[in-house]
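We begin with a single chain expressed as structure tokens, specifically the form predicted on its own.
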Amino acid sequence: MNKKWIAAIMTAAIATTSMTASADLELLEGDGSGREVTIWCWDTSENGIKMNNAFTEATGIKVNLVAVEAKDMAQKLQTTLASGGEMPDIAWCEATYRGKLLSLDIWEDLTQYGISTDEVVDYLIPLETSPTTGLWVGPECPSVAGMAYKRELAKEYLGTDDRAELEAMFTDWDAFIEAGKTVREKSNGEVYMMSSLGAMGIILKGQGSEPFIDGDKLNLDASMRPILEKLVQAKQADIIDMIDYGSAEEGASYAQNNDIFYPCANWSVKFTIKMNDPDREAGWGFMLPPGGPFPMGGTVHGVPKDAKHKEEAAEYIRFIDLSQDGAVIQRDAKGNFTSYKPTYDDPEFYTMEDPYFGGQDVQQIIAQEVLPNIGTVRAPSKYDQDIEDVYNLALKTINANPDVTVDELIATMESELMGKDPAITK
């Protein structure tokens, strides 16, 4: 299939949508051959349906979408397997839960179907590999991030809203913290550098590669300590707002004028920033944070061993995730980036100057400057959710008591983790 044919499919899908009420958009039935693929996922939106209809038009394979929340995926897979129920042909494994999901010995080896990692974006491969079996489970849509900022606040309190000048100013996190002290002074304590400790922490965590737990052995001193040191330092300098990360209050802060910087993944532009702050015309900018770009989120597409339609599942993954035609479909239907490495050889494939971001071409920056510069990443662990739980408790502790020491935080985290699972050792 060529790009013109894909474009025609997308145009037809969109035209069909325009003739019906949006709530009536349905998945196509396939070509009558009986070939189908069932996907457990949490995106059954119109854009997801458009993407899958384009796949059905191209291949004749019917797509069934079954809504399953990310947090429920592991339990539903295990329960279905234990009860002898029908497993999905493809299951989505979201970043927060992927360590546990990928650790399950339930995944098909996709190399049996002619799928390899040769053309997968390099940094993704460790994130998609089971920490227990060493199996590459499957591809995903890359989710990479930089940092967004409110131009007016940056101009007023930092002297510039120019991306290059801000990046030159923030040579490292120490420089960021020092600049924050100036912002606090100039604003009479009204403006902070970031909205929450969690916002700064997700950048710092994403920039590291040391495992938090190496196998079953705690490794927090090497991996978590540098993160906590910067968070405590930033809190003691009073440059971080008191908001809880991911809360409704943080969502509301995007439209307010108290916090300048936010972590910004490729999906954040549409689904976080513009949704929370629709009226700030030309008021946002995008830049690389101190320490460089980082992965933020992502969802692996895995095929269970007990799937009923594994051939069709492999064809779906090969087409949607690992072909240029699939890259076009994902971009045009959902705004997704592709894991298909050759796509990024074309600097014009992802491009869209955004008036909302003062005319910056954020898509092109992410595709050409952020994604290729993601370095070594932290591999998933079956203990990731446990680590996240104790880390969030540490954030609350720092907020409540900025004078807490990192030694105290590490000791508490180690104790909590060993209490959660006796297999974890120091």
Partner chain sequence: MILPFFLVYVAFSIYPIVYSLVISFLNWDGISTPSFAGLTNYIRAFTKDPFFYKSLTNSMILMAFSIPIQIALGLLMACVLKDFLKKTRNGFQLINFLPYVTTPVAIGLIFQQMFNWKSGIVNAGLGLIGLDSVYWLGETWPARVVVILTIIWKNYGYMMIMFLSGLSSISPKLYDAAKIDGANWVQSFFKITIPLLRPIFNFVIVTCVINGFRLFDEPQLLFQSDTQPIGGPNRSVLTMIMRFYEVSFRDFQFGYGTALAFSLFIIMGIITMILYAVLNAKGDD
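No experiment lies behind these values; they were computed from the predicted model shown. Positions refer to the first chain, counted from 1.
Same protein, other form: the form predicted in complex with the partner chain, not shown, and the subject of what follows.
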item	value
Stretch in contact, per heavy atom within 4.5 angstroms of the partner chain in the predicted complex, of 350-358, 167-175, 131-139, 70-78	70-78
D161: touches the partner chain in the predicted complex, heavy atom cutoff 4.5 angstroms	no
In the predicted complex, E312 touching the partner chain (heavy atom, 4.5 Å)	no
Distance check, E408 to the partner chain in the predicted complex, heavy atom within 4.5 Å	no
Exercise: L393 in contact with the partner chain in the predicted complex, heavy atom 4.5 Å	yes
The partner chain: the contacting residue among L127, V183, L288, I243 in the predicted complex [heavy atom, 4.5 Å]	I243
Heavy atom within 4.5 Å of the partner chain in the predicted complex - residue from Y97, Y340, Y157, Y262	Y97
Contact check for I106, N399 and D421 against the partner chain in the predicted complex, heavy atom at 4.5 Å	yes
